[in-house]
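Below, in structure tokens: the form predicted on its own, a single chain.
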Amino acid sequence: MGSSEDDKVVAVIMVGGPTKGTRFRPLSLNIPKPLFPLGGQPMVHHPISACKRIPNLAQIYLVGFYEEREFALYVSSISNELRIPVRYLREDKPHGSAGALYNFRDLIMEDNPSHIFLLNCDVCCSFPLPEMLDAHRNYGGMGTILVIKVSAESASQFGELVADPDTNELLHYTEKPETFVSDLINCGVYVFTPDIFNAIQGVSSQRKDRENLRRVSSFEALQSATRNLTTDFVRLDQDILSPLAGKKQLYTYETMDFWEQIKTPGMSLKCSGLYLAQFRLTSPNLLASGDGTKNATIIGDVYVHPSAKIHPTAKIGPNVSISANARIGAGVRLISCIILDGVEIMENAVVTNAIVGWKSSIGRWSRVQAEGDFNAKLGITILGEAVGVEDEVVVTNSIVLPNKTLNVSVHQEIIL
């Protein structure tokens, strides 16, 4: 497809819905997961601001199942801030990621774009989108997938793929295989030409034909994997990527930067740190500084909201994000933690490897801590909204649900 430099581009970011964020509890009890702050910015802000770097970007669409009112305020403020139209589109029912794209095809094609980016909100990476677009134009196929090399042990948790080492063509794709296929995995970031809509329509038509066939034969009984899928539910990985692999339609672009999936609160703390480290390169103005004279001592990458109040004798960092209206007392030590809006941490308390929920309070000489295994269920400590930790209480490797007060120390507990 011939492309001029003036061709318009649109981006679609999948944000999921309330039923999808269950592994993110208790944090998703208060706020849609895509709006949870990482590095002081909502999770979805990172892919959105990466889209801003795409030349000739006309529009960004957020697609999900959340009520529109939950995103209205954010969408309006981010559109004004970036001066790019951002719009939230609510799905009436699950269509799969490819099906959702097709469902809103008329809106997506409104600006007659030459290319469509598709991103997943719960992916944490540097989003090298302009570079991907350049590579994609050179390949000349229908789509390009962002990929990364990972260890052979962890590869099977993701979509594994085989690419031609010379042309980068996608030769084989399999979702979460039982045996090792490749150490190259799908990052959940794509760029397509509008031909993707024909491919998705093709899958729907095949399903309709099969349904008609099933009425007159038992053929479909053999096709158990797709038997229960409706014609408008189309998965990108199994229904589009796998069948089109090896047909000179799809190509890969490998990132050498960081990449993680944000499925759990533990991973959100790790990813907050990755984004803070990236700010050092892309937005150093967002990072705090201080040497303990007039301001608190800052070590490493730290974000502090302008409305937060921190005592000059506190010591903060590395990997700390402090949200609006938080109050941090004298002698407090914060390491690897997310402190949410309206939290109060009193004198000489220590918080390490933890997320402290909205309006919670931590008493004098208390410790809220964990070992920092981001993948383990109790690898970080999480305090839900409005949790009170009284003076001289130690909370270790625990999850505390909202509105609880702790006056005794707890270790490896989930407090309901």
Partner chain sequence: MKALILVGGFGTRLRPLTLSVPKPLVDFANKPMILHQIEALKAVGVTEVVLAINYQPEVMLNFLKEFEKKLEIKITCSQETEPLGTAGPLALARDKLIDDSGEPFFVLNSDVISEYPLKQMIEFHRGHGGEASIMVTKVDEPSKYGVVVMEETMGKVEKFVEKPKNFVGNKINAGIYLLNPSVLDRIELKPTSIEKEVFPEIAVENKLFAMVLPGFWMDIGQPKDYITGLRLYLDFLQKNSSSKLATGSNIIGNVLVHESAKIGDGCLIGPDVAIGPGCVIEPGVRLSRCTVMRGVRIKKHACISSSIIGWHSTIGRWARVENMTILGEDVHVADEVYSNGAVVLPHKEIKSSIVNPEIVM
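None of the values given here were measured: they were computed from a predicted structure. Residue numbers count along the first chain shown, from 1.
Here the subject shifts to the form predicted in complex with its partner chain, a form of this protein not shown in this document.
In summary, among the residues 11, 395, 399, 14, the only one with a non-hydrogen atom within 4.5 Å of its partner chain in the model of the complex is 399. Only one of 379, 42, 26, 363 comes within 4.5 Å of its partner chain in the model of the complex through a heavy atom, and that residue is 26. Among heavy atoms of residue 403, some come within 4.5 Å of its partner chain in the model of the complex.
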